[in-house]
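One chain comes next, on its own, written out as structure tokens in the form predicted alone.
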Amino acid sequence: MAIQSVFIVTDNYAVLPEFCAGAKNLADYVTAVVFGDEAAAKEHASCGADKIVFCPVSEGGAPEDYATPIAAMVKEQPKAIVMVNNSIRGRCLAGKLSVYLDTAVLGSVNELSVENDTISCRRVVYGGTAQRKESFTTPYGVITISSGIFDSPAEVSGNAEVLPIAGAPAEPIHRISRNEKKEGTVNLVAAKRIVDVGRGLAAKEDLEICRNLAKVLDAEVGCSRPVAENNKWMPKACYMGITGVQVKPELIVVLGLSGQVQHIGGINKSKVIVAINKDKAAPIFKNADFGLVGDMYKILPSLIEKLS
């Protein structure tokens, strides 16, 4: 049995179809709360939500300025779950919403189900070593979710009612400048094939051979968190794992990755996992469908030649 109402709050229009499709399996009525003008909201009226509420953000303002009116809207329902996109901005907003709704936040939820008229949430805890199942005992609950936990719909449909948010935003902080990072973007969630790069790569220049493999496979290139955050060889948007992007491609080729649980949590829904690692005792082989023990610098050129 579905619950009555789910609110999806996101600062990224791209995740709306996936989130709405997942929410529709859980609730009778889905409201999407987005940030921008009416024109942008109407462009996404076919995202699958029953209603879209848009919040115009001023040049110096921020989405979290709307926490109070969003909470007031949620309280119009006797019981509801608020799903917030798991971005930096989204997590800030989720914290504020939980205060105004007098509830808790469950972060990085990776599985949702309805049990006894209540949404049950699963999320990874203890650094990726365990899964915890939790549900809210209060009328309202706030969770953060990342793209990839629901199946993306083959096509979007519907014609949601588009309305402005009722109530004015608070603006306790005013932005005076912004310096955008020049990072490339890639949609790993939508990728059918992925080449996954780990710390077994000796140098940044060696990414080229991984990209060559991706090219012949018609795949995207992703990586582990250390490759993006510690080495800074790839954009942070490219790292997969419990705290990064969670993917489920048809094929993922894992190169030079030991297979720690934090990373496996982001790729274990892949249909086929192929691992290449010179350490035959690497944990990745326990999670792979096919494994090849050897030096990837010797293996990849031959593999690329065979696939070309």
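Owing to the predicted nature of the structure, the values given are computational and were not obtained by experimental measurement. For every residue, the number given is its place in the sequence shown, counted from 1.
Although it is not shown, the form predicted in complex with a small molecule is what the next lines describe.
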| property | result |
| --- | --- |
| Whether V34, P56 and N85 all lie within 4.5 angstroms of the small molecule in the model of the complex by heavy atom | no |
| Options 25-33, 62-70, 278-286, 47-55; stretch whose heavy atom lies within 4.5 Å of the small molecule in the model of the complex | 278-286 |
| Residue contact check: P235 to the small molecule in the model of the complex, 4.5 Å heavy atom | no |
| Contact label in the model of the complex: M296 to the small molecule, heavy atom within 4.5 Å | yes |
| 4.5 Å heavy atom contact, G241 and the small molecule in the model of the complex | yes |
| Distance check, G259 to the small molecule in the model of the complex, heavy atom within 4.5 Å | yes |
